[in-house]
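Here's a solo chain for you in structure tokens, the form predicted on its own.
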């Protein structure tokens, strides 16, 4: 594992294991740790000032998500992005979130609409070269929709399987793309605020199909990041 990257700090007062997993997961999704890169338990533990045990546990969880591959006698390596996995997760996510926005639009609470519009304003303030900041707000937006529908468990299911999709989303976010995503968020909110379940559903389906346009181009321009055996 390369050592030139700035270390992220494990916070005191919070369980170490989940933090180590979250930090390593973010570094893979944000292409700080590249496909094919060998990960070292000892190097990761040293850089995060933790023991090797939470790093070992994090590697296991990352392997279960398909983000790393553990090869006996060889080591642990960051996996390449699986286009098939991205497409499968996108399909599942659209099915779940389309139902979520129909529930929210069926009985739109004023406080929910106000919170979504507040988040939209925050998204507009983010610098268009701040991919991490925007995607963090995007996650909050979708989580808020699920919570408003009383479907937080459904969102946890999405979170557990969407790692490969997140890797592509991070690579695809640029100046024009962020502006387009914000416009799509606004249409979702407008449909909910109007109590128009059909409009809200159509808006979120369009939003979640955005990756169908960006994925082929990214797979061509960053071919080294993708699994070419599929």
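Numbering follows the first chain given and starts at 1. Here the rigid core means the biggest group of C-alpha atoms that line up within 1.5 Å when the two forms are laid on top of each other. In this text, all values refer to a predicted model and were calculated from it rather than measured experimentally.
The following text describes the form predicted in complex with the DNA, which does not appear among the structures shown.
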Option touching the DNA, based on a heavy atom within 4.5 Å in the model of the complex, out of 75, 106, 133, 150: 75
Partner-contacting position among 140, 71, 154, 95 - heavy atom within 4.5 Å of the DNA in the model of the complex: 71
is_contact(residue 35, the DNA) in the model of the complex, heavy atom dist at most 4.5 Å: no
Residue 170: touches the DNA in the model of the complex, heavy atom cutoff 4.5 angstroms: no
Contact test in the model of the complex: residue 196 vs the DNA, heavy atoms, 4.5 Å: no
The DNA contact in the model of the complex: residue 205, any heavy atom under 4.5 Å: no
Proximity to the DNA in the model of the complex (heavy atom, within 4.5 Å), stretch among 22-30, 158-166, 54-62, 197-205: 54-62
Contact set, 133-159 vs the DNA in the model of the complex - heavy atom within 4.5 angstroms: none
C-alpha of residue 76 off by 2 Å or more between this form and the one not shown on rigid core: yes
Residue 61 C-alpha relocation of at least 2 Å between this form and the one not shown, rigid core basis: yes
Rigid core fit then residue 198 CA moved by 2 Å or more between this form and the one not shown: no
